[in-house]
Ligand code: GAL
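Okay, so here's just one chain, in structure tokens, the form predicted alone.
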């Protein structure tokens, strides 16, 4: 009996020595952002029992984020950071390089020259230009696919798509690229857009809701399309549009669809759960899934390799240029 007990205790001790719990720290730019909140939970869930990840909310303040990063220096073995300001990554990388601490950025891509400062600085994400082009593809298909002869969604029959664009933060990399690329994709295919207004709503649902009030008053009856840089703003637009008389079951078939006279296409980016529900119910036309689940898997996979001194080239999701892991966007409609 004593021998059996000794063997069990020895086995436990061996496992503890060979598989110690490791520590990392996760820094979110703002946990109130619905997409980022889900992303953070997915990273936590992927980490598993042998990787403890403490999470911090910067509340959209780079100062707060810098302060909380400092508290983890000397504790965490790897830093996983969604920066408040991508330009703030420069000082973060220099600080962590001085401590020989590897860092994985996500959701907001640092400048390439900043990542190059430190051979243990990485980025996991999706190419913003891809999301804008996928959005455009969804809309072009809806309008019939022929730029020379749009279908019944061209309400005034002028062969031009009358469009509202809801933009994220002014100057934010993803907002600028998504906006530029969605417009460029239409032009590349010969589709003509009349952009009635481009309104900055800072990724926020409530802000988009408020700004769409005046937009609908100003452009009532002429709007044929709403393009949003993310789902949260798209949902804000949907809310005020529904309150203003859009998205009724005009043909009485018991469902909301593009056959209804008051239906208008609204497209977003991210693929958050509520947006998917609105699409399934017929209100929202489509979104571009920013695959946070796969990105979370790639982040944790990379974090474990870095903690164990492994070779990043052996990862399931390959590194490009020794710095980047890219996960493709996907259509959801």
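Quantities reported herein were computed from a predicted structural model and do not represent experimental measurements. Numbering follows the first chain given and starts at 1.
Beyond the structure shown, there is the form predicted together with the named molecule, which is absent from this document and is the topic of what follows.
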Listed range touching the named molecule, judged in the predicted bound form by heavy atoms within 4.5 Å, from 182-190, 142-150, 240-248, 166-174: 166-174
Contact label in the predicted bound form: residue 29 to the named molecule, heavy atom within 4.5 Å: yes
Contact of residue 36 with the named molecule in the predicted bound form (heavy atom, 4.5 Å): yes
Contact of residue 290 with the named molecule in the predicted bound form (heavy atom, 4.5 Å): yes
Non-hydrogen atom contact residue 230 with the named molecule in the predicted bound form at 4.5 angstroms: yes
Partner contacts for 88-119, taking the named molecule in the predicted bound form and a 4.5 Å heavy atom cut-off: 107, 108
